[in-house]
Ligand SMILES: Cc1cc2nc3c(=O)[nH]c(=O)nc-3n(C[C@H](O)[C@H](O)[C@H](O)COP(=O)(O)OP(=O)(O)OC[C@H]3O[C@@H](n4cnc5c(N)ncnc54)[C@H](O)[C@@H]3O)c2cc1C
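Encoded as structure tokens, the following chain is the form predicted alone, with no partner shown.
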Amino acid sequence: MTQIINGGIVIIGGGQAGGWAAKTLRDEGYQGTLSVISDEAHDFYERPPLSKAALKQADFSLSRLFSEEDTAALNITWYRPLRATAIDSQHKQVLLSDGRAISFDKLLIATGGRARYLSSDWQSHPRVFTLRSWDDAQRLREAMLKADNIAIIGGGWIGLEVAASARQMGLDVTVFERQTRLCQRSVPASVSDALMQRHQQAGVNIITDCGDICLDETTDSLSISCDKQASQCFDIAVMGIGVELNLELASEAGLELAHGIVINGQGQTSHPDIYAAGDVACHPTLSLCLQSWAYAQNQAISTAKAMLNAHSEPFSDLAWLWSDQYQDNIQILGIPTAEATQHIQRITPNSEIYFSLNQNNELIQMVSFNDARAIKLGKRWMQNNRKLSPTELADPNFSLMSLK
């Protein structure tokens, strides 16, 4: 007979979304049983350093979301390292990989995603790495310290961050990107060009529009080729072609899916007592899934409040993400859409800002290199549908602060 444990509020996922949800539930006064199911043995930790400091610094330790004392004070009943194997939405139970079941009053699905591979051959190769967890970062760093060159498969944000870290560690780096430009799905061409310039100046070999990326299975070495380059041997390779969202539990539980798990502004799914947060939760106003540190944190906080108070403020934050590469802090506000009809550059000695406006001169997207204050302004402009002057935005001598 299956052992059934009373779990109170149950969170599936020990990542950033799960962590902030757990802390918020306690901060908002929840005193009942709080259960967290995680396939990692670690406490909640920050993911952004994994592609940067965790690779480059020998003495870098796990970057906790909260201190050990604060985590202990949350009084969490941990189920780790274990996996949730099924959700019985009718009986409100979660089945565990060890055969037990946890009953829930309310459930939060924060299962995140797993690295995507080009094929099973890439996945099984001993010198092909991914970067999703602390353990992944430790294995990759150890391999990078022994390597002279590295192939990055994918010219998106994670691939470029690893490329920058590898160059700073002295490795020869080649980036293979099947799209015609870097980060093509998330920024305009002018930003892709700026990224390309920075990496090429740092000595990275970038091959865009490279067609099929092939792994030579006839040799024991790591030999990679593409339509634009003959086979070349690399010491190691890193997969950076996005993630597969962990939606299987939600799908089998009968929850409504579209890109990710469909939620309302309170994070509630099609089942009244099941909620979703982070990567797997479809943004309630943008109708897409965001792999973003800010979304994982802020939407989880909002959802945790709603789990305790159905009348809480619905989540409506703008899309925002950031990336650190070399000496640049890059911040992206908003997502590219067909409404963006004008693209404007503002170049100063210390920063670069790229604006995308619609036909009414309203801000659709904004990307800044080393100007966080401008992004804060951009958020206000977007929220207020402010009409902007393209001439003023492009003028490096014009004060953006005058547009508060």
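Residue numbers here begin at 1 and follow the sequence given. Everything numeric here is computed off the predicted structure, so don't read it as measured data.
What follows is about the form predicted in complex with the named molecule, which we do not show.
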So, G155 and the named molecule: in the predicted complex, are they within 4.5 Å at any heavy atom pair? no
Report whether the minimum heavy atom distance between E28 and the named molecule in the predicted complex is within 4.5 Å. no
Within 4.5 Å, heavy atoms only: does A17 come near the named molecule in the predicted complex? yes
Is L363 part of the interface with the named molecule in the predicted complex - any heavy atom within 4.5 Å? no
Looking at 204 to 212, 234 to 242, 163 to 171, 293 to 301, which one sits within 4.5 Å of the named molecule in the predicted complex if you count heavy atoms only? 293 to 301
Option touching the named molecule, based on a heavy atom within 4.5 Å in the predicted complex, out of S192, Q266, Q331, N246: N246
Heavy atom within 4.5 Å of the named molecule in the predicted complex - the one residue of A143, V262, L74, L321 that qualifies: L321
Neighbours of the named molecule in the predicted complex among 49 to 82 [non-hydrogen atom within 4.5 angstroms]: L50, S51, K52, L82
